[in-house]
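Here we start with a single chain on its own, the form predicted on its own, put down as structure tokens.
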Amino acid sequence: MRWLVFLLLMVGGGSVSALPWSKDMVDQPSVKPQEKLVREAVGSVPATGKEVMPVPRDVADVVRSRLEASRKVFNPVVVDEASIARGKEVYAIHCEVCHGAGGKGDGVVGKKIVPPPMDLSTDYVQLQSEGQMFYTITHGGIAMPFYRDAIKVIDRWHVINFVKSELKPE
């Protein structure tokens, strides 16, 4: 009988003092899509290589840095058929759901967003410098999320080549 009590205390006692398994899913941190849990330290190197510009601190910094990028960041990728084809491929994966196949802001998801996604064929977008467009893709905008973790640096340039070459105003 003593052994039975001892055995029950050992087996049953361990489960009584175990962690509250029913609350583990509630108590863990959650991260929304395209949201970073921790900001990188200034000057840190991302896993995919060093970024061209720092992460903005607020909306005013986004606007200021976007204008600065238009003067300091230049497209290292030559506009050719291969670049435009790669840009179209990456655009279809990451951009088309919001901006639509023709860049009009009428993608499947874009139709549900307020404010609607930018029409990429407008003069406002087409006349922007490539550096400014790169900054927007990298760090997002007022309503647009950032893609610095989703799209490789070289592919962002290909997307810009595609947008500027193929999504012209009608």
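All residue numbers refer to positions in the sequence shown, first residue = 1. Keep in mind it's a predicted model, so treat the numbers as computed, not measured.
The discussion below concerns the form predicted in complex with heme C, not included here.
Annotated contacts: V79, I84 and G103 are all free of heme C in the predicted bound form [non-hydrogen atom within 4.5 angstroms]. Contact annotation: S121 falls outside 4.5 Å of heme C in the predicted bound form, judged by heavy atom distances.
Using a 4.5 Å cutoff between non-hydrogen atoms, A69 does not count as a contact of heme C in the predicted bound form. Put simply, G131 is far from heme C in the predicted bound form: not one heavy atom of it is within 4.5 Å.
Residue contact check for A143: one or more of its heavy atoms lie within 4.5 Å of heme C in the predicted bound form. Taking heme C as positioned in the predicted bound form, the residues of 109-125 that bring a heavy atom within 4.5 Å of it are, in sequence order, I113, P115, P116, P117, M118, L120, Y124, V125.
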